[in-house]
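First, one chain by itself in structure tokens, the form predicted alone.
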Amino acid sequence: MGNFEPGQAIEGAYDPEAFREIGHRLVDHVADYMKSARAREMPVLDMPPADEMLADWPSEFPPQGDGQVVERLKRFIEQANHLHNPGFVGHQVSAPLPAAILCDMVGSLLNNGMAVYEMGPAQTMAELHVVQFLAERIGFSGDAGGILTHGGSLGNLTALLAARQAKAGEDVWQAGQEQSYAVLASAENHYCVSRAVRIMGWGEGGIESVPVDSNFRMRPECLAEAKRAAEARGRQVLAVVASDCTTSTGSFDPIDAVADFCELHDLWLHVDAAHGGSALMHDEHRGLLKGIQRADSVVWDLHKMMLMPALITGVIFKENRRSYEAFAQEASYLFEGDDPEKEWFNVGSRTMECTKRALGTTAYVLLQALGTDLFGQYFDRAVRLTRAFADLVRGSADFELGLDPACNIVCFRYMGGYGSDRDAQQMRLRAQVLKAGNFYIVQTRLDGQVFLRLTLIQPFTTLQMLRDLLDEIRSFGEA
């Protein structure tokens, strides 16, 4: 018989006291980093060209390591895009709450995959309670349910799979797809919706685009014509996807009017509220999602406007039974019965993922420990700051506002300086802002024109900082 002792290397790698020592060092460094980032003592982004970065990082992995875990993690922190810097006003990703970092650490420690209850009993209960909380905020009844998954892309795919199973008139999951299908969606819908329908085999014609108004919201009066156009191409329309809010402009599609159309034509209504769902956390702003309780399914990202780490997405169904129909599949080594609803405690039957992180743990702990009011107050502050910044832009003769912001996304452009190519000017200005390092901003296109775009998602960004941003852009433009 051979020697089956773990060996010195494995013993050392799992040494609790060694972990305690490097853990203390790393937590101290992370705390110092968050303090420094909030004080803006570093550029938001200091990014060399990709080929230089690739060459600068060692590519060899030695047979015996040097034990420098903390030192390597420090380098990742140093060379990151610093979301904890209040100058980060770019993409829709939050600076996670410090407590969330600890939640993720415990999640990695336990590493319980979430396919079956016995692999994560407490984590399963946490997920189900979080899902029920989100369903109640939406306004769904006690029959609602769903799951947490890794991001809005998987979330939207899951919801549309359920829509197909509910509305197609054929059991696509078991027998395969014979018909050609389509969904109706705003011209401003997120690209992951197009990906979802292509994954389902519907091709380029799987989405029929619905025109938007001057504020980039879906025009419900155009739904009937879009449906006729899809049907003329031989497509059976199954669902309408409302975007609340859109990624480019933060615009909210009018859910009530869309729901009226869906009820009239027996269509599934899916609301992609990945970003805007958190408006439901504050009474003053939940009107942005008026009518959302009439949806059949809703996607809501907690890693956007709920200060949680990526990725935590709720896929919530008005009827819990629909959540089982998206992935109605036998797996005898996991699930014991032939009725997945009877095994409600095995969430793997309702998600694309089998070995899924315990996403509910982080959300459950934060909602319980910090209270729900925190998230409503955060959302309210972001919206009020956005409106104040929009007023600054309106009051500046050398800037133009793309549209009145509905949430916390602002599109604007610099109109001063010289030159006729305004689009090239905006792109040049963005590059100069990034190089200066005080802010991280992005850009988008509205009606074919390039606009600078801010997402006011960082909890410590101030109005004075945004004044400084306008001054910085102005100085680059005048130069």
Ligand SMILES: Cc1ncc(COP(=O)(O)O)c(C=O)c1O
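Residue numbers here begin at 1 and follow the sequence given. This structure is a prediction, so every number in the text was calculated from the model and none was measured.
Beyond what is shown, the protein has a form predicted in complex with the named molecule; the following relates to that form.
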TODO: Using the partner position in the model of the complex, report whether D253 sits within 4.5 Å of the named molecule, counting heavy atoms only.
DONE: no
Open item on the list: With a cut-off of 4.5 Å between heavy atoms, is N156 one of the residues that contacts the named molecule in the model of the complex?
Closed with: yes
Open item on the list: Would you classify H303 as touching the named molecule in the model of the complex, given a 4.5 Å non-hydrogen atom cut-off?
Closed with: yes
Open item on the list: in the model of the complex, is there a heavy atom of the named molecule that lies within 4.5 Å of any heavy atom of T247, even though the partner is absent here?
Closed with: yes
Task: Answer range among 282-290, 303-311, 157-165, 378-386 for contact with the named molecule, defined in the model of the complex as heavy atoms within 4.5 Å - done: 303-311
TODO: Would you kindly say which of Q132, Q92, S194, S209 lies with a heavy atom within 4.5 Å of the named molecule in the model of the complex?
DONE: Q92
TODO: Find the only residue in R137, R350, R357, H190 having a heavy atom within 4.5 Å of the named molecule in the model of the complex.
DONE: H190
